[in-house]
Structure formats: C-alpha cells, structure tokens
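Here's a solo chain for you in structure tokens, the form predicted on its own.
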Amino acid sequence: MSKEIKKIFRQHTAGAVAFCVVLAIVVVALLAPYVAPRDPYEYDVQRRFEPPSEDYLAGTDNMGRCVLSRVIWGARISLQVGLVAVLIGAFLGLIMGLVAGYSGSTTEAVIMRIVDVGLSFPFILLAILITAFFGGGLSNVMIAVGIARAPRMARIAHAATRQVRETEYIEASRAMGANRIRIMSRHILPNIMAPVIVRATLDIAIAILAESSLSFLGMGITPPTPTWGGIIAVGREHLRRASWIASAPGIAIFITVLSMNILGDGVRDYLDPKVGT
C-alpha cells in the first residue's frame, strides 16, 4: 500500500498536494468547535470593524464578530452543501443516464429531452429558479444545487452507458437470460463509474461556488448562520471601510475550489491514464 501511495504522489504531484489541502480543510471544518478562536455568533458592537490583529487574526465584521471563526464554521456549510448536492445530482443523473442509455428508443428520447431542457439553462440560473421554488435553507439549497447538476451527470452517464451496452459481455449476459435490472446494476454501472467519479469530484467545487453565490444573493442559508457567501455579502457593503471581511471568505473559496479542481484532474488522470497521453 505504501508503494502504491508513493507512486501516486510521484505521478500526480499536483493532485496529491491538492488532496492534502482539501483534507486539511475538511479536518478544520470538522474540528471547528475546537479550532475556531471564538463563537461565530458572539458579537461585540464596541469592537466593530477591527482590522486583523493578534486578538482577531482576520478582523471583525459590522457586528464585532470574529471573521476567522465565521469563516471556519462556514467551511462546514460549504463542504456539506458540496458533498450532499453532488450525491443528489449523481444519484439522479446516474439513474436517468443509465436507464436512457440502456433502454433506447422512446424511453431514451423522453429522458434525454428532459435532460436537454435542463442543460438549456445556465447552471446558476437553474439553481436560483429551483431555490426560489423550494425556498431558502440548508436542505433546500442542497436539493436545488443537486437537481441543477443532475442533467450534466445524466449526459455523462448516458454516453458511457451507450458505449458499454454494445460490448460482448453485455451481449453474453443477455444470452444467459439476465434481466435489465441485473445487467444495469451488476454489469453496466460498475463500468461507467470512472467518468462519474471524476465529474462528481469537479462538481463539488461547482456546488461550493453555487452555495456561495446563492447565499451572496440572499437566496441561500439564512443569516446569522455563517456561510462564505453570506460573509462576502456583508463585506461587500463595507468594502472600503473593512476589506478584510470579504477577503477572508474569498480566499477560502479560492483555495478550496482551486484544490478541488486540481484534485479532480488528478483523479481523472489516475482512473483513465489514456486521457493524459
């Protein structure tokens, strides 16, 4: 196992470094009650707009709350939305793509036209529309972002299923009397997971950006719950007076999204080495 890990680090140095960064962010988010220097909801109006100092490493916001503590707690929300939304999108997309790719004919046409309608909307606009329908809140944001990502996952699963269904071992399974459910679950699904995993890894970064955008627009998680987008929205109103309020969550989003994208590229190269050749 140690030799395999060393081999991965040598062949995918950038991806390995990105994995370490993402792992560190996850650990910090999980240990937020112990890592955050202060309560993210605790405010002191007498210490409003304090610049970064020894007492407040990232300064304070318009209510005297510790910006660093709110950013650390906000990581929990962003990562939770990213992971759960991607799982929802992958689940829905896999079912739609798998059924459409294997069934063919009318079923394929109907499902893929629904997918085309979803793809015709810009992702963030579709997420905004779904959020407006369901309302704000953590659960609704995760559902909205997951549904908005499902059409793109369905397109990938559909293309991969169409390739696999024509292979000889699928024909052999049909000849042996295997039903559709068994063929799709036991033979096709495991063989289309590589591109789905790669897409899901990249989609976590997109989901984090979507949650931040929705919170920034006031359509995501409601205040005073700390979210990266919500903190930036507050900092925007005081950008000239206290630029550090928006800078801290902005840096956190930049590092997280960049690391997730690099990690996704590394996962793609590892699962399909022919892509990089």
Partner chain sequence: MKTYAVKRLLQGFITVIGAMTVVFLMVRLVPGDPVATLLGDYYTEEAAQVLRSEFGLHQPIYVQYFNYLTDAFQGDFGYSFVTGRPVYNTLVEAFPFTMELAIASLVFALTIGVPVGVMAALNRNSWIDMLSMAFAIAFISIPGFYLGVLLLQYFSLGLGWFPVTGVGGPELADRLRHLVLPAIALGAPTAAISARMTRSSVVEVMGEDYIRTARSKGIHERIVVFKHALRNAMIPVVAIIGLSVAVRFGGSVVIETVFARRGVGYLLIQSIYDRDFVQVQFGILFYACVLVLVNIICDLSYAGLDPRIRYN
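Since we're looking at a predicted model, the values are computed, not measured. Numbering follows the first chain given and starts at 1.
Quick note: we don't show the form predicted in complex with its partner chain, though the next part is all about it.
Chemist: Which among 108-116, 73-81, 89-97, 163-171 is in contact with its partner chain in the model of the complex, heavy atoms within 4.5 angstroms?
Modeler: Heavy-atom contact with the partner occurs in 108-116.
Chemist: Please tell me whether the candidate spot formed by 22, 186 and 190 is one where all three residues come within 4.5 Å of its partner chain in the model of the complex (heavy atoms).
Modeler: Looking in the model of the complex, the three residues 22, 186 and 190 all stay beyond 4.5 Å of its partner chain (heavy atoms).
Chemist: Using 4.5 Å between non-hydrogen atoms, is residue 232 touching its partner chain in the model of the complex?
Modeler: Flag for residue 232 set to yes.
Chemist: Is residue 17 close enough to touch its partner chain in the model of the complex, meaning at least one heavy atom pair within 4.5 Å?
Modeler: Judged by the heavy-atom cut-off of 4.5 Å, residue 17 is well away from its partner chain in the model of the complex.
Chemist: Heavy atoms within 4.5 Å of its partner chain in the model of the complex: does residue 243 have any?
Modeler: Taking the distances in the model of the complex, the answer for residue 243 is yes, it comes within 4.5 Å of its partner chain.
Chemist: Would residue 209 show up as a contact with its partner chain in the model of the complex if we use heavy atoms at 4.5 Å?
Modeler: Output for residue 209 is yes: heavy atoms within 4.5 Å of its partner chain.
Chemist: Sort through 194, 156, 143, 128 and report the residue having a heavy atom within 4.5 Å of its partner chain in the model of the complex.
Modeler: None of the others qualify; the residue that does is 128.
Chemist: Would you give me the residues of 249-269 that have any heavy atom within 4.5 Å of its partner chain in the model of the complex, in order from first to last?
Modeler: Going through 249-269 in order - heavy atoms within 4.5 Å of its partner chain in the model of the complex - the hits are 250, 251, 253, 254, 257, 258, 261, 262, 265.
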